[in-house]
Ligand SMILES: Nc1ncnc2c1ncn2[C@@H]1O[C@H](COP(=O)(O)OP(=O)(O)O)[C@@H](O)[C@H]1O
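Shown below, as structure tokens, is a lone chain in the form predicted on its own; questions about how it binds or moves come after it.
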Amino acid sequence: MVPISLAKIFEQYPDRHYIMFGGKGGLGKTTFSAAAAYYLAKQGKKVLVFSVDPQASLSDIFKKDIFGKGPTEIMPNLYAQEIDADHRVREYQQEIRQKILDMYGMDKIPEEIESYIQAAAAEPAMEESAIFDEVVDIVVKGGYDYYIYDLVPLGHALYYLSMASVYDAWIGKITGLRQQMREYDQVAATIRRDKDLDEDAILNELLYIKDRINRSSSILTDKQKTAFFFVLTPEEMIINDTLKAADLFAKFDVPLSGYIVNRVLPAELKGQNIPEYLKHRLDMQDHYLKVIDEVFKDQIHAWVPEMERDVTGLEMIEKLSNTMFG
């Protein structure tokens, strides 16, 4: 089957400014993110590709140390960023310390409170929370034509996607309680005939956080602005896992835009004198390519061949980009 090319998809939907590549770990999501960013930058679009994976490898792919350095220019129009979650967590800790000092007029954080702050920072969910918050910052700040998310492997990606709705629901409840408390405060102030009420700093901060989360999470489910592509390979387990994941993502209303098949062995190998092992691999691949064709039908946007070497450096990224968007 001849796929509808990614180039045509991007032309047909020019308002899709948030591009995401997802799938199991090790299938090529990061390289596809880099190649898509390269293609769009060459079209004259200002692009930021960023990784929300703590084990990110954009630095390796672009052959440039970008970890924790914010948006870094790779070439004209193309910027890349790897999020340093540990740095963000340390910033959280310092913000908490400062708020305690300011609120209670202390000169120093008590030892037992400092121990609690350190323990909270070690919680497994803290890293994901820090990454999520950094993504919110990136999106809210703006300044780019396209944002390309290199998502974490599927399990963590689902956690990341659900985090927005969990945070929103929790903050919604807290905000409601704070607003009720303000109503009681106003009644009490009227009885006391106080002239002014102190501004509710906690409520204002909660509303600010809620707005940031809503602005970021709404992107994930916006069919007009967002395109989500799954990456898979012609293997039974990968196909099955992708189907399950696509179903789960659909439950979060993430707009699925199609699939990219990676690591396809060249068909011309069949007529050559090749080892038996490779013949069996080609036969297996033929079978699963047919399965993919039947299962995903007209949703495949690129069949990407196994590259002759690792996709690192702009020369190989350009080659992969030409294959993906050709």
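Keep in mind that what you see is a predicted model, and the values were worked out from it rather than measured. The first residue of the sequence shown is number 1, and the count goes up from there.
FYI, the form predicted together with the ligand isn't displayed, but the following is about it.
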task = Would you point out which of 65-73, 271-279, 287-295, 26-34 contains residues with a non-hydrogen atom within 4.5 Å of the ligand in the predicted bound form?
result = 26-34
message = Is it the case that residue 320, even though its partner is missing from this view, gets within 4.5 Å of the ligand in the predicted bound form, heavy atoms only?
response = yes
task = Report whether the minimum heavy atom distance between residue 9 and the ligand in the predicted bound form is within 4.5 Å.
result = no
ask   = Taking heavy atoms and a 4.5 Å cut-off, does residue 263 contact the ligand in the predicted bound form?
value = yes
inquiry  = I'd like to check something about residue 307: if you look in the predicted bound form, is any of its heavy atoms closer than or equal to 4.5 Å to a heavy atom of the ligand?
reply    = yes
key: Any residue of 80-103 that, in the predicted bound form, places a heavy atom within 4.5 Å of the ligand   = none
